[in-house]
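One chain is shown next in structure tokens, namely the form predicted alone.
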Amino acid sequence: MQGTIKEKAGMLFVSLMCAIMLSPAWALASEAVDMAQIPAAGDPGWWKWPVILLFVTFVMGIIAVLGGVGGGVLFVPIIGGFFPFHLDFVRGAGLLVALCGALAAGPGLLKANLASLRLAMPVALIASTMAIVGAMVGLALPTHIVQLSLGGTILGIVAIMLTAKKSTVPDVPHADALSSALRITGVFYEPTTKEEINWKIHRTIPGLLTFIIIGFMAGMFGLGAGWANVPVLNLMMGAPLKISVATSKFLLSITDTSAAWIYLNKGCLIPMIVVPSLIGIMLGSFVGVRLLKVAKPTFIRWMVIVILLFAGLKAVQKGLSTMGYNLF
């Protein structure tokens, strides 16, 4: 009985947060506030934006944990679509949001022997190099082009979330020549079955080539790349799901650091956006972990999909409106 009450209270709280984030007030915020793309220091009301940002990222941190997605993939489309900040500042902050979670989790995942250094290193070399290129291209392109591309990417992520399957331990008959040469293999202990699982990978070359695109998109949009890393490592290359998730988290700490330096060098990381965002996401993550026990995974998954769909459409609409096409 007590568990049912807690479950209903948790669902009500999450539903309320979802309703707040999808409120028309947020959808109209960027149009209603026709102002400079970063509040000026002389504006007496400048302080309200960090406060609102702290609250929104707190809610976002809860949803990110419950939905099993990185904070960056929610942060950039939502803050970029509904706040009066220039997209370059939002993308730079988005990289740091994704980076703080990865840095916090990385050492523990390595210690638990879940994140594989042998698997992460060749992938990180390619992805971090392309993340630098992506960040430079993204900062050079006109903002409306980046908005349109971001909207298309977010809608693509929604399609992946709707269709992607996961395999706990994929069947890999034989390791290919490249993975054998690089000795990308390992053993981990699965506590649910109380057995040690030997794993190896295949399709190494197609997998590494895919990370050229993933790294580029991570740097260009500041999204982090966990949404793409895990399916490629798990379904394409055949790494077990736990190894894929842990290695992806560790990988983000390398990829996002490379791209973040470009945004820092270009002056696109400002404390007024970064500080409340990091604090809000971290506090929200703590609460999200507690709510995770009572939340229903299917409901949370659909909630994240709806939020991303709404944010993706908003990004496309902002990009098209800049070009003189008003859809809504």
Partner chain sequence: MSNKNTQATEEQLQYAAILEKGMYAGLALMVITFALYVLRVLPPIVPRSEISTYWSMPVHDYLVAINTNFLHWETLPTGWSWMKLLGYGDFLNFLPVAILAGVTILCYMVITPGLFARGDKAMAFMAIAEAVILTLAASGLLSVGH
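Computed from a predicted structure; not experimentally measured. Residue numbers count along the first chain shown, from 1.
Another form exists, predicted in complex with the partner chain; not displayed. Remarks below refer to it.
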{"item": "4.5 Å heavy atom contact with the partner chain in the model of the complex for all of 175, 246 and 312", "value": "no"}
{"item": "Partner-proximal stretch of 231 to 239, 85 to 93, 71 to 79, 212 to 220 relative to the partner chain in the model of the complex, 4.5 angstroms, heavy atom", "value": "85 to 93"}
{"item": "In the model of the complex, residue 122 touching the partner chain (heavy atom, 4.5 Å)", "value": "yes"}
{"item": "Distance check, residue 58 to the partner chain in the model of the complex, heavy atom within 4.5 Å", "value": "no"}
{"item": "is_contact(residue 149, the partner chain) in the model of the complex, heavy atom dist at most 4.5 Å", "value": "no"}
{"item": "Residue 264: touches the partner chain in the model of the complex, heavy atom cutoff 4.5 angstroms", "value": "yes"}
{"item": "Contact set, 302 to 320 vs the partner chain in the model of the complex - heavy atom within 4.5 angstroms", "value": "none"}
